[in-house]
Structures are given as C-alpha cells and as structure tokens.
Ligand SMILES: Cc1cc2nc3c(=O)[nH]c(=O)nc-3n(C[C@H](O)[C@H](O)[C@H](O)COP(=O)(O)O)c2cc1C
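One chain comes next, on its own, written out as structure tokens in the form predicted on its own.
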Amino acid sequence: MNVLVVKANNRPASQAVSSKMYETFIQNLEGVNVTTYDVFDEDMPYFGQELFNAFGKMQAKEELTDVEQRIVEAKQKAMDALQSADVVGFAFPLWNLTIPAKLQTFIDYVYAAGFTFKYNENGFKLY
C-alpha cells in the first residue's frame, strides 16, 4: 500500500501540534510505503494567471516563461504524487481559521477536471 502524506506546516514539532502529530504518525506506520509531500519544501508557485497563460501557450506550442514552466512542472509533480497513492493523509494546522496557502495551492494543483473529478449531465462527479 502506498501512503501519501501531504505535510503543510513548516514549524518544528516542538512548537506545533500538527507537526508533532505528523511525526508521531510517521514513526508508527509499518508495512506500507510512505511518501511525504511537504508543500513548504516544494517549489510551488501560486495557482493563477501564469498557469492559464501556460496552458494557452502549450496548446499553441509556444515557449513558456520560467515561471510558467515552474508552475506546470509543480502541478504535474503534485498530480503524480496523488495518483501514485492508495491512501492520502493531510497534516496541517489551522492558521487564522483556514489552511496554509501552500496547502491550498496543492489542492488547486490536483483538483482538476478529468483528474480528480469529471463533469456529467448533473454537474460534476468525483472519481
């Protein structure tokens, strides 16, 4: 079984409950392949116009800027990590009653039509 843990806290375990919970979880896993995708260690440009520009340029077979290339590669890396997992866990804090922006970026990268959901006559359906 392949387990993906998406870690979204760059504070040390001695200072953050979710980091301590992550460390405890990882130390107690046995008999599975575990991959940690630490959103604070990854090069993850924020999801926005650069990605949409890149999609258009890729369709037109035009050269991408450095930022566009980085975001396309980061999106694909996140999707590959998710696709190779049988089970996904998330380790993150609530900062100001919301998730860290880097975690939101990971979710934006992987939440895509044809990958994590598809459209049908009733709207959309999750895979």
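All residue numbers refer to positions in the sequence shown, first residue = 1. Owing to the predicted nature of the structure, the values given are computational and were not obtained by experimental measurement.
Just so it is clear, the following notes concern the form predicted in complex with this ligand, a form of the same protein that is not shown.
With the partner omitted here, the stretch from 73-81, 90-98, 42-50, 60-68 that lies within 4.5 Å of this ligand by heavy atoms in the model of the complex is 90-98. The closest non-hydrogen atom of residue 18 lies within 4.5 Å of this ligand in the model of the complex. Under a 4.5 angstroms non-hydrogen atom cutoff, this ligand in the model of the complex lacks residue 118 among its neighbouring residues. Contacts with this ligand in the model of the complex, taken as any heavy atom within 4.5 Å, map to no residue of 41-72.
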